[in-house]
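One chain comes next, on its own, written out as structure tokens in the form predicted on its own.
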């Protein structure tokens, strides 16, 4: 069997594909378990079982630089002008492997224990109520900018100890940095990411200096305390990269899951009616909506040691693109996967990843998604679409440009 098949039904730069990639995923799964995709020089993995296994396979890594130089790995170093982005990105735990990943995650995870996250629930619920009340008072608005964005941004900023007066640039910085996670980003995108990386890093460096003098009851102060201890210390760059990662990951997925989810509900009025009739469905609805229209469609790994998938050898130095959106629609795992079913109980979706890089903020994301959904169901029971939304052109991070609603 050859992985190099022509004319794959996969084109992340085609607006029609981006609008609805799921039929193409079904064809990819039918064609085989792994496919070489020349335009991005990646091996696409579309099946749930393979994606799940590879996320846990230590022969793959988010980085290779703990074992190889760029030259040894057959890769070209990033352009020097992109260095500020890569310095920021490469020191966050998402792009590190053990032992550095283990050390940083152990320190950060103290802020995301179930008990700690549960203590945030009243704050999250209250904030969601306030945002939805303002939307209702206005007779409607953009669900993206009025509810979906401000909720997780405020929660993460509160956890980090970023003052309210400083929060306006956080979302634009995050959006510019996350542009680099798309496939083959253009130089204009890279320039924006570099500028945002410099500005965000400079801001956090100043804030860390201020917190070092005047510590508070926040995550940055906690990371400083860990940084100043002899064991398991964080470098300042690791602290900065960790804060940026938490903000980016902590709200990009939640924002997009919220608007993707409501757009799916508006397109499936029977399921929306069932949810309105029974708010106890909210927990399973959150899981099903994340499965049905996955906010992160693709996640990449480097092949550190040669692997074989269904008879196809994927050599060391390759990049594997695990298709989360496809895995979440695999009919070998999900009954009738193209149907939105808010009562689905057997739902091992992979939207939060798996293995050592499983999303550390998953419990918080679930609380945020449930809070905004419950507030909208309660305070805006007749919420309806005001205009057909336009999808962002991005493929990897899947979302809408806006979602106009009336109450």
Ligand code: HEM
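Bear in mind that the values here come from a model prediction, so they are computed numbers and not experimental data. Residue numbers count along the first chain shown, from 1.
There is also a form predicted in complex with ligand HEM; it is not shown, and the following applies to it.
Asker: Residue-level question: is residue 295 within 4.5 Å of ligand HEM in the model of the complex, judged on heavy atoms?
Answerer: Yes - in the model of the complex, heavy atoms of residue 295 and ligand HEM come within 4.5 Å of each other.
Asker: Should residue 375 be classed as touching ligand HEM in the model of the complex when contacts are defined as heavy atoms within 4.5 Å?
Answerer: Contact with ligand HEM, no.
Asker: With a 4.5 Å heavy atom cut-off, would you call residue 262 a contact of ligand HEM in the model of the complex?
Answerer: No - in the model of the complex, heavy atoms of residue 262 and ligand HEM never come within 4.5 Å of each other.
Asker: Would you classify residue 48 as touching ligand HEM in the model of the complex, given a 4.5 Å non-hydrogen atom cut-off?
Answerer: No, residue 48 stays farther than 4.5 Å from ligand HEM in the model of the complex.
Asker: Could you tell me which one of 91, 211, 301, 291 places a heavy atom within 4.5 Å of ligand HEM in the model of the complex?
Answerer: Exactly one listed residue reaches within 4.5 Å, namely 301.
Asker: Could you work out which of 257, 327, 240, 285 is the residue within 4.5 angstroms of ligand HEM in the model of the complex, going by heavy atoms?
Answerer: Answer to the contact question: 257.
Asker: Of the listed stretches (24 to 32, 358 to 366, 375 to 383, 336 to 344), which one has a non-hydrogen atom within 4.5 Å of ligand HEM in the model of the complex?
Answerer: Careful reading of the contacts points to 358 to 366.
Asker: Does ligand HEM, in the model of the complex, lie within 4.5 angstroms of each residue among 105, 156 and 250, using heavy atoms as the measure?
Answerer: So, yes: the whole triplet contacts ligand HEM.
Asker: Within 4.5 Å of ligand HEM in the model of the complex, counting any non-hydrogen atom, which residues from 42 to 76 show up?
Answerer: Stretch hits, in order: 55, 62.
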